[in-house]
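Only one chain is given next, in structure tokens, and it is the form predicted alone.
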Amino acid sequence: MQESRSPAHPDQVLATFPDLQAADVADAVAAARAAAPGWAQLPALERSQALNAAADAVAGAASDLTELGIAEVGKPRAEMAAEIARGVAILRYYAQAALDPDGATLPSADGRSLLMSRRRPRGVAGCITPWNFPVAIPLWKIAPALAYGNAVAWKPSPAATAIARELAALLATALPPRLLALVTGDADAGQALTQAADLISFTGSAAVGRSVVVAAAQRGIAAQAEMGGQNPAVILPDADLEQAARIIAQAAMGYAGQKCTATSRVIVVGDSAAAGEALVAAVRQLPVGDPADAATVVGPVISEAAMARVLDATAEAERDRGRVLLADDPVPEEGYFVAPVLVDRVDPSARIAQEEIFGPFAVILTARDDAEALRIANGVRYGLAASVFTRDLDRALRFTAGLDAGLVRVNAPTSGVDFYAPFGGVKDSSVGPREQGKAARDFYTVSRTITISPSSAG
């Protein structure tokens, strides 16, 4: 058995659950597969109604889910409540998407036949999700999979299993029995799911994501993997510095920096001293503390190991002659709390500027001009999100055209996702088709070309 504990109060056990073995996972997928044909054959309107009913169930339990998310993953109250609302909106969006056209007609070669393409579900979608968005990320996988006629086998992170159980139970009230299977456990359960499902959608670390994609390729099944980011925010000399600092501080340190889209590198064109001062002042305005407090912006990191990563990165910066601008603000003694860290005088090639720390930690880098800033921004193996701060539209257009990132923002945070727009990165940040919005259909369905010719020559 495994346990899920509160990062703010580590003595509090929120869930115990079995670490399922390969045979258990295979059985769960087999049950979902048996339920899949009946679901796929339902009229699209009935699938749409089921997803709307699921949205009603989640909305009705929003308060309880918010409290559970605060406790289990340490997400500050305002963010957790907003995530539940987004989850409801995702379900309603895909309830409508289930009624979208499922194909297209084309001119036939003989002028008499009906030539068309139609989409059909792939089978059982295996969804492997992280702990940091315990409602939104699962639903932006589960909802489109169901909308387009698939069954789902879902393996949440062990650190978010309590809220996963509640969410799965709410969804089950609106779905046929066994259509949604909850698979609990750690890496072995995830590997078993990759070997059993008909397609795999993964969100997590780059190392694990690559192994998932390789395993799927060996089986010849569809896979998508959304992985890490080392996201830059570029401040050009004409930017509104105070506004940029406020936006970047929130994007870097909100939810203790535990978002794949969090800002981890601030690239300043020109003298970085004023930007450093503005960022320190902005970060210090973000309340650090108990995630249950409505005012909290920076809560705990998820685990003791995550806390150690931030502390080790700070020590590494000092060894590499970086200057730690901020790291000593008081934090609660109980729980996995670590003060936000800003470091400057760091070489762009340093490990802490190249690799994801996944905590309230950001480096400030200096560039002589736009061209050097662009080289630094693109000079990592990730390419998920990037932002540019400037008042000059022409300069913004030139700069953003050269960014290696799937999400590009101007005068806006790197963090945050519009659930109705395609989501994904480049390089080591993503493999496979985009998630979310209309793009999700391309992953959860496969196209067939159908020709229907007249039965007679007349």
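This one's a predicted model, so the numbers in the text were calculated from it and none came from an experiment. Throughout, we count residues from 1 along the sequence that is shown.
FYI, the form predicted in complex with 2-aminohexanedioic acid isn't displayed, but the following is about it.
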In the predicted complex, the residue from V417, A50, L68, A405 with a non-hydrogen atom within 4.5 Å of 2-aminohexanedioic acid is V417
The listed residue (T184, N132, Q224, S264) that reaches within 4.5 Å of 2-aminohexanedioic acid in the predicted complex by any heavy atom is N132
Three residues, W154, S201 and Y444; all within 4.5 Å of 2-aminohexanedioic acid in the predicted complex via heavy atoms? no
- prompt: Any chance R86 has a heavy atom within 4.5 Å of 2-aminohexanedioic acid in the predicted complex?
  reply: yes
Does any heavy atom of I137 come within 4.5 Å of a heavy atom of 2-aminohexanedioic acid in the predicted complex? yes
Going by a heavy atom distance of 4.5 Å, is F399 a contact of 2-aminohexanedioic acid in the predicted complex? no
2-aminohexanedioic acid contact at W39 in the predicted complex, heavy atom, 4.5 Å:
no
Partner contact check in the predicted complex: of 173-181, 232-240, 254-262, 105-113, the stretch with a heavy atom within 4.5 Å of 2-aminohexanedioic acid is 254-262
